[in-house]
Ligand code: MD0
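The chain below stands alone and is given in structure tokens; this is the form predicted on its own.
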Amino acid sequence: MTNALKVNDADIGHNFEALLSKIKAGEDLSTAEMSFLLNLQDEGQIEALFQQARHVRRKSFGTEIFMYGFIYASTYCRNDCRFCLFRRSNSQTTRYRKSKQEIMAAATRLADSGVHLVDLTMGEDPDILNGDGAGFDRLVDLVASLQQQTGLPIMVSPGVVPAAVLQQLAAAGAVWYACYQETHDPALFKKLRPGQDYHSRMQTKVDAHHCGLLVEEGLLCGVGETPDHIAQSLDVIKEVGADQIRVMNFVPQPGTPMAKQAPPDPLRETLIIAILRLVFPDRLIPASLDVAGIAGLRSRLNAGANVVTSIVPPGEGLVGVAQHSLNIEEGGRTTAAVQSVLQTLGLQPATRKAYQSWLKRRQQVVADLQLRTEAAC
């Protein structure tokens, strides 16, 4: 990473306080320093890192936490990602496509429960990404209807789509475009996402910003990445200007080529959350309920996350991603369950006005960056 302090691996452990001071000063981390942080074992050092991440979050966001309602609208996908339960060739999963009526009903329940955003996610469903555009038209109409009925910002994640479709989604009321690279090492990307083009997927995020959409990027850890890969991801995320950055631990899925691969230590995800918070102090960093459910929320918030994602209403037949059924029907992924955890940590749900204010500020930042980029070309 640029402008990084050059140190020996052996020296870092003896200079954790100096490294912490460097982080507080906002200086870039070398790969050796990144490796040291990702492999922390000393409980005192881990807590010091998390405490600094919480301090940075408090300076930018106070004690307020944002909450995202999650609707997995379709579990059909044209891709064959090696890690995903819903990969095209997996016969050991249940497929569904929710109707517009079902999606609207679930979104209304989520809005009434107090979420700040509706996350409309799906696989790269061939029924939507068809050649004649009718699928895109239905998606654009759905986004417009959701925004009108709930009054909430909408996040969409249809996968790699043309820039013209992103423009239509923005005009329909979408605020966010989520498209996860999982890794920014092209070789590892090719292994995880066979048959997909690394650069095309990156370009859709650039296009989304040009269309006025905010962008969520995502990392998957425990899939063979090295500290070099993580450092590389931070550089790319800075370059693309991602507005929200998610990291999730890999969870083995039945019927996939990685079904027997051991998941990483849960600490790895929280360490990366803390690093993301320190490197990107003003961005949104999610704590997903989709890996460890409500039981894992506390550790992710303690690492500096400021968004709770994958809030799913029970009784709607909806699934999650990594842990597709965990805590959903038991009511463990509701705003009420989340709020009970927030209270124990001295945190509170943000107001919708506060979330809208953050969106407007961030949209202005993105617009200014676009203008400067265009002026430089």
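All values derive from a computational prediction rather than experimental measurement. Residue numbers run from 1 along the displayed sequence.
There is another form of this protein, the form predicted together with 5-amino-D-isoleucine (MD0), and it is not shown here; the text below is about that form.
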{"item": "4.5 angstroms heavy atom contact with 5-amino-D-isoleucine (MD0) in the model of the complex for residue 121", "value": "yes"}
{"item": "is_contact(residue 288, 5-amino-D-isoleucine (MD0)) in the model of the complex, heavy atom dist at most 4.5 Å", "value": "yes"}
{"item": "Residue 246 within 4.5 Å of 5-amino-D-isoleucine (MD0) in the model of the complex, heavy atoms", "value": "yes"}
{"item": "Exercise: residue 310 in contact with 5-amino-D-isoleucine (MD0) in the model of the complex, heavy atom 4.5 Å", "value": "yes"}
{"item": "Sole residue of 318, 321, 326, 38 within 4.5 Å of 5-amino-D-isoleucine (MD0) in the model of the complex, by heavy atom", "value": "321"}
{"item": "Answer option from 273, 139, 155, 73, heavy atom within 4.5 Å of 5-amino-D-isoleucine (MD0) in the model of the complex", "value": "155"}
{"item": "Per-stretch contact check against 5-amino-D-isoleucine (MD0) in the model of the complex, the hit in 293-301, 145-153, 173-181, 273-281 (non-hydrogen atom, 4.5 angstroms)", "value": "173-181"}
